[in-house]
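To begin, one chain is listed below as C-alpha cells, in the form predicted on its own.
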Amino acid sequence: MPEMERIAVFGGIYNNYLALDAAIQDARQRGVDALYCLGDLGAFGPHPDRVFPLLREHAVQCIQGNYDISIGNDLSDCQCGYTDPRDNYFARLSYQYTYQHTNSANRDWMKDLPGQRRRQLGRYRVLMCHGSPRRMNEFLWESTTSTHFLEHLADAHQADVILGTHTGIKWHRQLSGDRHFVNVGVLGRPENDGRTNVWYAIVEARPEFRVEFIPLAYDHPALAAEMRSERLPDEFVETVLTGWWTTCLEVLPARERRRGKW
C-alpha cells in the first residue's frame, strides 16, 4: 500500500446515503489519499441498500460497527449499548427497519468486514475502531473519558492515533508523546447543536499530526421526505430537519446533554 499522509474518515452512516455521497465528493476534492468508514452503515435513515454501491464504487475501506455485526450475523438487536427503555424502544424500530431492508448480499458483506484496521499515516501508527479498541460499542464521551484512560488504550494497543465514532459527537484530545484520540463524528445525523449539517474528519501527518472536522451540508430535506415515505418515526425526521436530537438523549452525559435543546 502506498504511503499515506492525508485520509478522510467517516463515522456512522446510518443509512444516510445522501450525506455519504456528498462526503465522498467533498473529500476527493480536498485531495485525500484514501477514504475510511468506522462502521454503523445502517440505522436511523431510509433505504439501507443505497449505501453499499457508493462504498464499493469509491473504494471506501470499512470496519464493523455494532449494527454491521448484528445485521451481518442475523442477531435480534443492534447491540447499541443503551440502557434506557426509551432509547431502546427507538433503537429496536431503527434496527428492525434496517434489517428488513438490507439484502442478503449486503448482510454477508458486512459480516466479513474487519472489526478494526491499522494503518501507517506518515510516522503515526493509526488504529481505527468503532467505539473503542477494547469494546466495539463502548461510548467514549469527551466530558467523561479521562486522558489517563485514553493513554492506557494507546499503550495497550500500541497506537499513536486512535480513531473512533459511535457516540455521534466529534472530539479530539492530544495525549502525551504526540499521541491522539479522535472521535470523527458521524454522517448519519446532525450533532445535536441545532444545525442540519453532519460531520466527518480529515486526518493528516505532513509531518505533524493534524485533524480537521469538516461540516458537511447535504440535501437533508430530501432525506426527511424519504424517511416520511418509509414511515420512519417522526422523531427521527425532526432531528434531520432541526439539528436537535429527539432520541438517544438518555445516554448523553450531563455536559453533552446541556448543549442540546432537551
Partner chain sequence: MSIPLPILDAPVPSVSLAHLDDLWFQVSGTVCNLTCHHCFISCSPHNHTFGFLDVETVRRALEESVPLGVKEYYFTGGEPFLNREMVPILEWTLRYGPASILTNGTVFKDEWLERLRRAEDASLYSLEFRVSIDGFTAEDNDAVRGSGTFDRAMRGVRQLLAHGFLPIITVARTRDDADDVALVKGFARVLKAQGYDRPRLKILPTLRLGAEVDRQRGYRDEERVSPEMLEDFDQGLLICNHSRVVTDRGVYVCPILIEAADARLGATLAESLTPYPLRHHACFTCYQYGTICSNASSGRRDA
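Here the structure is a predicted model, which is why all the values come from computation and not from measurement. Positions refer to the first chain, counted from 1.
One more form of this protein, predicted in complex with its partner chain, exists but is not displayed; see below.
Participant: Which one, 105-113, 89-97, 132-140, 178-186, holds residues whose non-hydrogen atoms are within 4.5 Å of its partner chain in the predicted bound form?
Facilitator: It is the stretch 132-140.
Participant: Spell it out for me: taking its partner chain in the predicted bound form, does every residue among Gln61, Asp160 and Glu204 have a heavy atom no farther than 4.5 Å from it?
Facilitator: Judged in the predicted bound form, none of Gln61, Asp160 and Glu204 sits within 4.5 Å of its partner chain.
Participant: Might Arg173 be said to contact its partner chain in the predicted bound form, defining contact as any heavy atom within 4.5 Å?
Facilitator: Close contact exists here: in the predicted bound form, Arg173 approaches its partner chain to within 4.5 Å, heavy atoms only.
Participant: If we define contact as a non-hydrogen atom of the residue within 4.5 angstroms of the partner, is Leu18 a contact of its partner chain in the predicted bound form?
Facilitator: No.
Participant: State yes or no: in the predicted bound form, is some non-hydrogen atom of Glu238 no more than 4.5 angstroms from a non-hydrogen atom of its partner chain?
Facilitator: Glu238: no, not in contact with its partner chain in the predicted bound form.
Participant: Wondering, does Asn73 line up within 4.5 Å of its partner chain in the predicted bound form on heavy atoms?
Facilitator: No, Asn73 stays farther than 4.5 Å from its partner chain in the predicted bound form.
Participant: Going through 109-132 from first to last, which residues have a non-hydrogen atom within 4.5 Å of its partner chain in the predicted bound form?
Facilitator: Contacting residues: none.
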